[in-house]
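Only one chain is included here, represented as structure tokens and corresponding to the form predicted alone.
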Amino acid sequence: MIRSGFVSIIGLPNSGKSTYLNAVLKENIAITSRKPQTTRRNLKGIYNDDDSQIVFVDTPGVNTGKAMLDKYMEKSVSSSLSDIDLLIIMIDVNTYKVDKFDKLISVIRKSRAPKVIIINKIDAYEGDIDAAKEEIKIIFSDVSEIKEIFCISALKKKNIKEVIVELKKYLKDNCRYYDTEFLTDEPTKKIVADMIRQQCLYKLDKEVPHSIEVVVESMKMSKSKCMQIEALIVCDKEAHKKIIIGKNGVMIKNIGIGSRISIEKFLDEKVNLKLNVIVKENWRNEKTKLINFGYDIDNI
């Protein structure tokens, strides 16, 4: 009999939610970086094996930003808490002693679903993991319905399979919601756009990556069987545009090379990528611009 259900993943920025999802799916459908606001939308990742289907919902990191985009991400997290079978609370074991969990705990309390804590990044932890586990248990002692605590390394794929076995216990349905060939229901254009934004996160410093949005304008297969992709990198300051392009166009060229490699691997197609950079001031605070960039502000 098939067991199936929906499982949301919630945590502070950089706790490893997207890395965990990629490790479970064995495919990089969720972009990752060490910078906050890497994940801006809820993203479904669909895990299948012989006897189960788990629809994971990767969410933006819980934050306290004031821009309209930050408020959108906050609502995205809250919307992921309804109609789920299980809530995963992702914790970075290397930062839990200095992290502030008040906002995270207040959000978690909105969900009546059973909850498990996954302590991540144990591969880089030099302390006593059992002691850390007990301290984290105390931090979340006032949160109801926490059933179990697991320790993993999403990056090193340690204990991933073992945790999946345990998560299956909380699945309530007995049907597959999606065909087994699907890893996500996200449109291909959005995944490609995020892969380009990931390269911006990797290669650009300071506040510049936070001002960036990427829009894929077209994807067409040429007669030579090469995928022709045109995309816009949008930033909110003229000074940032100059940084993104770089001296003699070196930075935009490097972003393009890294993006093309990732996209070709994802699409399993030869890719010709054309990038342009434009400025749209204050786009993170304007509803119309956010909607134009695909943020469903009204329906979240």
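Residue numbers run from 1 along the displayed sequence. Quantities reported herein were computed from a predicted structural model and do not represent experimental measurements.
This next part talks about the form predicted in complex with a small molecule, which is not shown.
Checking C200, L86, A154, A193 against the small molecule in the predicted bound form, a heavy atom within 4.5 Å turns up for just one residue: A154. With the partner omitted from this view, the residue of E135, D99, D123, D173 that lies near the small molecule in the predicted bound form is D123 [heavy atom within 4.5 Å]. For G256, no non-hydrogen atom is located within 4.5 Å of the small molecule in the predicted bound form, even though that partner is not displayed. Put simply, K35 is close to the small molecule in the predicted bound form: some heavy atom of it is within 4.5 Å. Using a 4.5 Å cutoff between non-hydrogen atoms, L12 counts as a contact of the small molecule in the predicted bound form. Although the partner is absent from this view, G45 stays clear of the small molecule in the predicted bound form, with no non-hydrogen atom inside 4.5 angstroms. From the list 154-162, 136-144, 180-188, 216-224, the contact stretch for the small molecule in the predicted bound form under a 4.5 Å heavy atom rule is 154-162.
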